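Take a look at this single chain in structure tokens; it is the form predicted on its own.
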Amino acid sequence: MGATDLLPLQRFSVIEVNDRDIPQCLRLATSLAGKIAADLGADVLKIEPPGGDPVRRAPPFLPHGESALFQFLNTSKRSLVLDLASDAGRVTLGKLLDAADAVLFEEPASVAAELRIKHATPIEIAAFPVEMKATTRPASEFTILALGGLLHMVGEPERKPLKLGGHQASYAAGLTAFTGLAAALAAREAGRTASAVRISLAEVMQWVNWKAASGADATGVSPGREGKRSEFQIVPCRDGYVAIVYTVTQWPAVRTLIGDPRLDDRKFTTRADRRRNVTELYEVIRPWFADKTRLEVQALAQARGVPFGPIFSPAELLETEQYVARSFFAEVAHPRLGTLRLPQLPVQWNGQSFAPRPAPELPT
């Protein structure tokens, strides 16, 4: 293998500590940060409690009962089971940390946090900021989304709030933690002292939902669920739904694309006008989509520079043109489960994608 074939993090070693009794939202964040590092070539050793990481038993499940979530989050890693409640387990972990470049671990009360980490740079993932360490709030993704204001953004205003699908809070925090990890590794390689990193899911969600703070500062009201009064909506077409999204500067192109002379009315001239008359606006816009397929809408809109987006089901996403062209899904040969089709990192290195290795089996 030549120097140009080496993966970017291949010279680094990282310990990922998944201790017992840690909220799942933190486990997922830590695992994602470790996954990115491992897929980029770092030697990531995952420390699991006796019985294995609980995510091994978390849905959704593959046909034979294994966790698809675990398989996705732990590609390219190695695994070691340690009882960190025992002296022997803590001694072993301490020796591993002395040889590692960085350690990913979760708060609260992680054994890794209690050890004197002399060599590895600590990357800590917590639920709440330092100022809220004494909080008695439960650390769940639902709680984090609520505190970040995101439950105020999803769903119809007359109904109860809806939780975002998937694990956006954990994954956004995991990506943030990886960013801190990458900065720490870069500092170490440059011969500088790498600062310890601490991120919290609550603070990450404040960043993700930045419009809540900026909107409240600008208008005195935090933006929330508007339903049929929303500026951007989902509308039906011949074979599904399309998301209507455009910038202020793209409004003339939208007007030309729809081609209805009623859109030339002065009540639709400015963004403020369109928001004030949004019900009438969509009465004009909606019929244009009714006889067109999602792909026809997308092609016509792209030709005008308008970012209307088709709504795909998860199964349809597997075959979408962009994902196929970017080789976003990789076929991973698992020694026991057969061929798994998993998302791979959406970046390339020296013109090549990062084909992940299968997640480790539970050590016996």
Partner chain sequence: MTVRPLSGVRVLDFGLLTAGANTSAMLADLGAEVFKIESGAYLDPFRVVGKSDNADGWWNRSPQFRFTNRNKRGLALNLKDPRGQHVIRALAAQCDVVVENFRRGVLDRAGLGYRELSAINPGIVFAAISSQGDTGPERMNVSFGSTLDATSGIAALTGYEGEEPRISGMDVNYPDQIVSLFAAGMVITAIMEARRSGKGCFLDFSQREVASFTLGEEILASACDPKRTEARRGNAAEGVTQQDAYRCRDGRWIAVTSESAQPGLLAFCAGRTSAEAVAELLARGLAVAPCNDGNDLLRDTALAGVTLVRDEKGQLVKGLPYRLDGRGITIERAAPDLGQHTEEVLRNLLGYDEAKLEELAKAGVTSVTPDVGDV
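Residue numbers count along the first chain shown, from 1. If you superpose the two forms and keep the largest set of C-alpha atoms that fall within 1.5 Å, you have the rigid core. Since we're looking at a predicted model, the values are computed, not measured.
Keep in mind that the form predicted together with the partner chain is missing from the display, and what follows is about it.
Peer 1: Would you check, heavy atoms only and a 4.5 Å threshold, whether A218 touches the partner chain in the predicted bound form?
Peer 2: Judged by the heavy-atom cut-off of 4.5 Å, A218 is in contact with the partner chain in the predicted bound form.
Peer 1: Though only this chain appears here, would P360 touch the partner chain in the predicted bound form if you measure heavy atom gaps against 4.5 Å?
Peer 2: No - in the predicted bound form, heavy atoms of P360 and the partner chain never come within 4.5 Å of each other.
Peer 1: Answer yes if any heavy atom of Q71 is within 4.5 Å of a heavy atom of the partner chain in the predicted bound form; otherwise answer no.
Peer 2: Because a heavy atom of Q71 falls inside 4.5 Å of the partner chain in the predicted bound form, the answer is yes.
Peer 1: Just to confirm, I258 within 4.5 Å of the partner chain in the predicted bound form by heavy atoms?
Peer 2: Outside the cut-off, so no.
Peer 1: So which of 262 to 270, 222 to 230, 82 to 90, 95 to 103 is the stretch with heavy atoms within 4.5 Å of the partner chain in the predicted bound form?
Peer 2: Contact criterion met by 222 to 230 only.
Peer 1: Only one of K292, R276, H167, R78 comes within 4.5 Å of the partner chain in the predicted bound form by heavy atoms, so just point that one out.
Peer 2: Spelling it out, the residue with a heavy atom inside the cut-off is H167.
Peer 1: Please tell me whether the candidate spot formed by P8, E156 and A187 is one where all three residues come within 4.5 Å of the partner chain in the predicted bound form (heavy atoms).
Peer 2: Result yes, every residue of the spot touches the partner chain.
Peer 1: Can you name the residues of 305 to 320 that have a non-hydrogen atom within 4.5 angstroms of the partner chain in the predicted bound form?
Peer 2: If the 4.5 Å heavy-atom criterion is applied to the partner chain in the predicted bound form, 305 to 320 yields G305, V306, P307, F308, G309, P310, I311, F312, S313, P314, A315, L317, L318, T320.
Peer 1: Honestly, after the rigid core fit, is G89 moving at least 2 Å at Cα between this form and the one not shown?
Peer 2: No: G89 shifts by under 2 Å between this form and the one not shown.
Peer 1: Aligning on the core only, does the CA of K163 end up 2 angstroms or more away between this form and the one not shown?
Peer 2: Result for K163: yes, a 2 Å-plus shift.
Peer 1: Rigid core superposed, CA of V154 - does it shift 2 Å or more between this form and the one not shown?
Peer 2: Indeed, V154 is displaced by 2 Å or more.
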